[in-house]
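What follows is a single chain, given as structure tokens, in the form predicted on its own.
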């Protein structure tokens, strides 16, 4: 029997932290977490059209006495900049898990600028940024980050490195 993927451990850490709502913009790097959330009858799952909707959902969850987590890709961080100040202003715990692009093995140059800027931009907005680079560390990193976010009422982001999630591969159709 093989060990479950690290994403199963991350989902368990979110459940242990009391997360009851998951907001996400579709992303292959988060596909397992999204699948687990949709299969969980105790989890309220919302697909967003933009990442800032997820920040607003998390703020609303806090006001309603629940904990939420936003799943997004690094390319979407730029969309959240105005809204990301909301949890700080509210003194609301905010947790986001971000799959990185523009790093190791990237094929799409369009992903590189935001990939390089993600940590700097989030830090400038007052978000405490943690980085998970290995399967061995990611579950503990998410658990500790959830604890920090929700018990200290601060915004925390965990960046899942591209090496951790695996580089996307683009294959051109034959004849092109």
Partner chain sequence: MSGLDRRAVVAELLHEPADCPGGPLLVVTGLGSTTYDAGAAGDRPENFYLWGAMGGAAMIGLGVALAQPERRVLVLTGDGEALMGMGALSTVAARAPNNLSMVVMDNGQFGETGHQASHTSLGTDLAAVAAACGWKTTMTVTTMADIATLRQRLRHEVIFAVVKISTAEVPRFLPPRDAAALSVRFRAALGIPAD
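If you're wondering where the values come from, they're calculated on a predicted model, not measured in any experiment. Positions refer to the first chain, counted from 1.
What comes next is about the form predicted together with the partner chain, which does not appear here.
Only one of 65-73, 137-145, 122-130, 26-34 lies within 4.5 Å of the partner chain in the predicted bound form by heavy atoms, and it is 65-73.
Using a 4.5 Å cutoff between non-hydrogen atoms, residue 21 counts as a contact of the partner chain in the predicted bound form. In the predicted bound form, at least one heavy atom of residue 90 sits within 4.5 Å of a heavy atom of the partner chain.
The partner chain is not drawn, but in the predicted bound form it has no heavy atom within 4.5 Å of residue 81.
If you check the partner chain in the predicted bound form, you find no heavy atom from any of 98, 156 and 165 within 4.5 Å. Residues 44, 45, 46, 47, 48, 49, 53, 56, 57, 59, 60, 61, 62, 63, 64, 65, 66 are the ones in 44-72 with at least one heavy atom within 4.5 Å of the partner chain in the predicted bound form, listed in sequence order.
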